[in-house]
Every structure is written in structure tokens, then in C-alpha cells.
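Okay, so here's just one chain, in C-alpha cells, the form predicted alone.
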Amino acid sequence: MENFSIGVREVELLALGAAFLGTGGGGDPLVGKLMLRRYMEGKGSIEIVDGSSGKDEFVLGSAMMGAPIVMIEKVPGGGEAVKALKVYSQIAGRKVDFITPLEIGGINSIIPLIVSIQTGIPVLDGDGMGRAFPELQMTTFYADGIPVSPVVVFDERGNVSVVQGVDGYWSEKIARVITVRYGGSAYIALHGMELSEYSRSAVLGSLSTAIQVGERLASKNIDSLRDLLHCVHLFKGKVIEVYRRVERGFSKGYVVLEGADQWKGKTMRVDFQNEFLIAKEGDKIVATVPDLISFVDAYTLTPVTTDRVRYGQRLVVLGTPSHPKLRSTEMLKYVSPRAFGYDVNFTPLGAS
């Protein structure tokens, strides 16, 4: 991998690709894209750095936390994540040398770029998931022994909380309660680590991959997308039911599709918790986390997030094999179907 720069064109492609890889979650890509473009006016491009170096420099994760549907109505100003970073730097007594996304999701792939253009701190080409997940302990960093805490939680009013959980689960629980009290969304800084730890633990190259995915979606080249990601066509049909609720700071629910073309006469149900988690064609499970389940508009190939799914939409459901790090025994403790309460084992896409 090599260093590269992101300009206005790449922002558009990144938003598209991250919405696809975010499997329905990670925040609304339109909100993130508009925020970043506003900050980029007159400031040029953003530096993206290869994250595979082993130098002893300090890396910090930056993201939004909360239910994606709340983020649409509670639009961020853009400076909150910078303030969270500064509080973390003061607590840790460390200068932040690099920023990393925690996940590749609609807005959470872009928040670090917004922080970067305001601070001049470069962003690493990687993240802790290679997709999006709803909880803080669901990262390759945590599975590799890097603590989640401290977690700095900042809201648009200037309220700030610092969470020091005994483990990743408690960090998640406490930060989630605070986020709910802050109005359902907040800005977080967490997972401080050395660059050498990052190089070992991260899913490297995920930002550049998202841009490549965006290029293929923008050109409506689904065959090229399949070649890049080795994704499979799981279903095509019309949305006939959507159930959605906000529970404990998460968007939860399911989508039911009525089949078209080769799936005519069949139905698919896809459950979600911020992100799409498990897809069933009739009574048969065809895909689960940590593999990626993504919705795209059947006509435009535009990714459709969990908060944007509507009755009557014609959608294609694609399944993408997850990064090998997500399929490790240690990582599956945090991101398998059982981690979300399903009495189901993970069966990789393509396995019988």
C-alpha cells in the first residue's frame, strides 16, 4: 500500500463504498459527505497514510456513536470529534500522530477525515472492522488485546464524559448509556495505541478499498464489484415490510423482501442492529455476520442503509466474505451470530 490524497471526487466515491461496506450502518453517508465537503472548501486534499509501518507513534480512533436514524435528525456540527480527540490527548499525555476510523461505515469512515482536515493529523488507511459493527468491543484491536478505554464521549452541547470500563463490554455499556442521555448520538475518541500495535491489529487498506468499491458502484458495474470483493448475489426483490425501533441506543428491526426474477415466489428476511446481521431465504439462513450483507438499489446500485429502507423499494441483496481477521476464533467471540443473541453458528459464505 502507498500513501495517497483524498479530494472532492474521492469523497463522493468513499461515501458510496463505505455505505456498501458498512452493511447498512455506520451512520448516514450523505450527512458525512456534506460535512466533509464543507470543511474541504479552500483547503485542498486530505493525506491518507499506509498503516503498515512499525514506528512508535500514537494512533487514536475517532467516530460517532449512536443509532444511525438519530444522526439524520441530530445533524453534527463537525467540531465535536476534534474536541473529543483533544480531551483524550490531554488525559493520555500523548500527542496524536495519526487518526484511524474504527469502522468502515457511512459516516464513520468520514469523521476521521473531518478531524484530519481541521487538525492536520493524517488518517491511516485501515480500521478495526473492515465493515461496520454496532458495539465498541467488536474490533480487531480489542480482539488483539488493545483496550477500548478510556473512551471520551462528547456531545454537541459541550458535555464530555470519560469512560474507564474494566473491559470492552463495560466500556460499551457505559458509553452507550451516556450516548442515549446525550440525545442518541455522540462523538467518541478511543482505542489509543502505538502504530506498531495498529499495524499488527488493523484491517489495513480499508479506506482505499472503499474508494474502489465506490468507483464500481458509481459506474454501475456490478460484475467488476463482484470481482473486487468476491461477493455473491443473495436475493432480488421488493420490500414488503419494514419493522424498525430504537432500543438502548441501537436501531433494531428487520426487512422482508418479496422475490423477483429467479427468486419469484420466495421471500427473504434480513434482521439488523444498526447493521444487517442475518439473512434468511424462507427458513434457510444464507448469510450472517461477520460476513457482509449489503442492500443496493436494483436500478442505480446505490447502497441503502438500515435507516433508509422503505416499503416498495426494489433491492438487490449482496453477500461479501468478511476479512480473514474477522473469521478468527478470537474475533468470532465478539462478532458471530451468537454475539448478537442468535442460536446460530457462523457459516462462511460459499461453505455448504
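A residue's number is simply how far along the shown sequence it sits, counting from 1. Here the structure is a predicted model, which means the values were calculated and not measured.
The protein also exists as the form predicted in complex with another copy of the chain; that form is not presented, and the subsequent description refers to it.
A residue is said to contact a partner when one of its heavy atoms sits within 4.5 Å of a partner heavy atom; residue 173 meets this definition for another copy of the chain in the model of the complex. Residue 163 belongs to the set of residues with a heavy atom inside 4.5 Å of another copy of the chain in the model of the complex. Residue contact check for residue 157: one or more of its heavy atoms lie within 4.5 Å of another copy of the chain in the model of the complex. Within 4.5 Å of any heavy atom of another copy of the chain in the model of the complex lies no heavy atom of residue 96. The stretch among 177-185, 136-144, 239-247, 113-121 whose residues place heavy atoms within 4.5 Å of another copy of the chain in the model of the complex is 177-185.
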